[in-house]
Every structure is written in structure tokens, then in C-alpha cells.
Ligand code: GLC
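So this first bit is one chain, no partners, the form predicted alone, shown in C-alpha cells.
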């Protein structure tokens, strides 16, 4: 197969800036594509959190002119660096007015009022950057609503631009809930024909929906698990776009995210008390004891310890956990929670610590080291998401022999095999309905199995650790999508 020139454009990339799984994908996928022999470049904004000195970023000489339609031509700078531990170039669009802010999308409470202009500008700047560095991409890979204008621009205002005449576009949906709804005047800022302001393209409830337009115009559409690709075509998970996506289902494919085993492996994790493997789980017992000590829980090796790491948000099923926590505290178990988010949840779980200090512990905020320690030291991992496009924590948990307790949705359903009490097969425990009763019953099922069938638990831990969800397989799937899109684009 021919070597491709691929430009991956994302609003966040690990380790530079992250709010969710998009950043993990944008930081890992390019490295694996590069290892397959492709010329891969990445572009993201240069937010304040991106330290130019820390990452040895070098300025690209000269400024970039960015045509912003009714706003006129605007200017920005650009920096170049490398994705850590790789030779993959990453470029940063520098614009003080748009990106010189504390947050990526909001100020901590409210979304920035000019997010529409910020990310249309970023998308256009990425295309202008290609010309400046003379990089003619075969593939423009856009991600979520922030860069969904790329396929639209490619088919409209850049349609007659010879530089991009052979470029195909891919759009990946990481979370359909966020779509980029804005006022219709954005059409003039984008500089696309008003003919595109129709229900089959950009128009939605009298305004512009960037993700909807991107779905219309991209050559191929992907999302981050096969199950989620099915779910987003239904009313329950489609967030109003289910019929639109059904109309473009011929170009939709679900590809499971991979994880970075250089970072998330118990055999080489520098954050944990002791390393371990499927062949020798003794180090996991040490990690459990260290986690209990760290959080002031009673040190017992004979009690199941359940971990939770994630945003304290409705999507993550945190209200279900709150609903049943009283009942769970009457079971013989321990729970450690790490997360931040909705204020009521932060206060609620902090109060649970005061009521059950020997059985429940939490850290409000995010701490990467503690996240690793919870994955390594827990026996089970709780992930009761109302919806989960792919999910990464359940994959981390499998790697550490920490059995996931999950709702059977999206990537959680794709990656976890439900426990079979008759045979002992499985890699976790799943429930279907998003109710407190279902969650409580499944946790109790896991805890009862811990006490009544310990040999099954040990076998499941070892089986879980032998699962593989690396980026090598996922990257090859993306590679196939790229070639298909390119053939489609070039006839």
C-alpha cells in the first residue's frame, strides 16, 4: 500500500491538553500510523496550558493569514514540536485572542461565547498551515464538532483550491452529545454558500450545527466503537441526529480505541507500589494494601476493593452510584473514588467519607498517579455510564486485572465479556438498564462471586490481563478507512 500523508486535526492532544478521550486518541493514533510508514502530522491550538519551553516548541517563521469571511482576514502564528517519544511532528496554532485563555472550551463554569469563531478559525488555520509548510495531505482527519468544519470547507470554499483537490476527509465522533450548535450568522464567518443552510447539511433548529454539516460532507465517518456506531442511529443515543446519521450510515464505521501499554501496564508502571503480571499476581496484593493505607481504609486482603476514576458527571452514571451508595455500604466491601465535576456530587461523596470512613474514600480532583494506583490496587472497577462511546478506564482495568463492573453500552459492551457463573468465563460484570437497582444488583453479584467463587475471580483477573487493546489493530482499521475514503474521493 502507498504511503499516505495524513493531517490529524484535534482540539486537544495528550500530553499537551486534555479534557477527555479525544486527547488520548489524538496523542496515540498518529504514533502508530507513523510506525506503519505513513507521513503523519498533528495540529492543535496553543492554549496557555501548553508550555512552549517544556515541550521545546520552535516557532515557524512568518505569520499565517486566515480568511474569516465576514470577520475579514485574521492572522496567527504557529509552533512546531514532536509528540513525546516519537518523530511525529505536531503543530500549534498561536492566537492570543482565541487561545490565550485558562480553559480549553470554558472558564470552568460557562462555555466561551465565541467558541464558534475560535474553532472555525482553528480549522481554517490548519488548512493554511498545510500550504505554509507545503504539506499536501491525502487525508484530513477531523475530530468532533471543533474541527467538523474541515470536511465542509473542503467541499465548499476550498473546493476549487488545487492544493486540496486530491484530499479526502475523515470525521471521527468521540461523543455525539456535543455538536457545536451556533447562530446562523456563522455561515458568513465560515464563508460557505448559504445553500448549505438546509436540514440535510448545516441547518438545525434555525441555527448552524457544525457536527451535522461535517457528517454530511465527510468522505468517511467513524466513531470509537462498533456498538456506539449502532447506538447513535437510535433516538436513545442520537441526541437529535439519529435520522441524519442513518442517512449517512453507508459511510459509518466503529473502531475501538486502543490504549498505550507503555503507560498502562502493571509490569512497568512507575506509579504503583509493586509491579505484577498475569503469571504472578503477588504485586497486586501489595498495591491493594498500599491503596488501603493511602486512603485510611482498614487493611484487609480478604475484602473486595472497588475503584472509580472519572468525571463526576451525569453521563458517567454518578447519580446511580449516589442512589445506591447507602445500600452498598451495608455490603462487606470497600470503595475508593477519584474524580471531580458536578458540585453536588463532590459534596455528596465527601460526606459519605465522613459517614463511612473505614469503607469509603475519595479524592476530589484528578491525579494521574492516584489513577494508576487505583487501577492497580482495586479488585473491581465501577463504570456505570449512561452512555460510553468507547471508554478507556475499563481497558486500563483489564490490563491491571481489575474486573470492570459496567453498563452494557457503547464500547463498554464491546470490550467486556460478561461473567458466566456456570463456566467461570468472562472478564467483568455487566448490567443493561440504567437504574439504581440494576447497578446495586450487579455490584452485589460481583461481591458475592468474590466470596463464593474466588477461583473464578482469580481466573478472570488473569484472563482480563491477557486481553489486548493496543493501537496497532485500531490503526490498521483506520488505515483501511483512509484508503477507502481516498479511493472514493478520487473516483
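Residue numbers count along the first chain shown, from 1. Just so it is clear, the model here is predicted, and its values are computed rather than measured.
FYI, the form predicted in complex with the ligand isn't displayed, but the following is about it.
The ligand is not drawn, but in the predicted complex it has no heavy atom within 4.5 Å of residue 284. Proximity of residue 126 to the ligand in the predicted complex: non-hydrogen atoms within 4.5 Å are absent; the residue sits far from the partner. When contacts are judged by a 4.5 Å heavy atom cut-off, residue 316 counts as touching the ligand in the predicted complex. Mapping the unseen interface onto this chain, residue 22 counts among the residues with a heavy atom inside 4.5 Å of the ligand in the predicted complex. Partner proximity in the predicted complex, defined as non-hydrogen atoms within 4.5 angstroms of the ligand, places exactly one of 387-395, 190-198, 116-124, 214-222 at the interface: 387-395. Taking 181, 311, 300, 82 one by one, only a single residue has any non-hydrogen atom within 4.5 Å of the ligand in the predicted complex, and it is 311. In terms of contact with the ligand in the predicted complex, the residue from 257, 204, 373, 156 that brings a heavy atom within 4.5 Å is 257. Residues of 162-177 placing a heavy atom within 4.5 Å of the ligand in the predicted complex, in sequence order: 174, 175.
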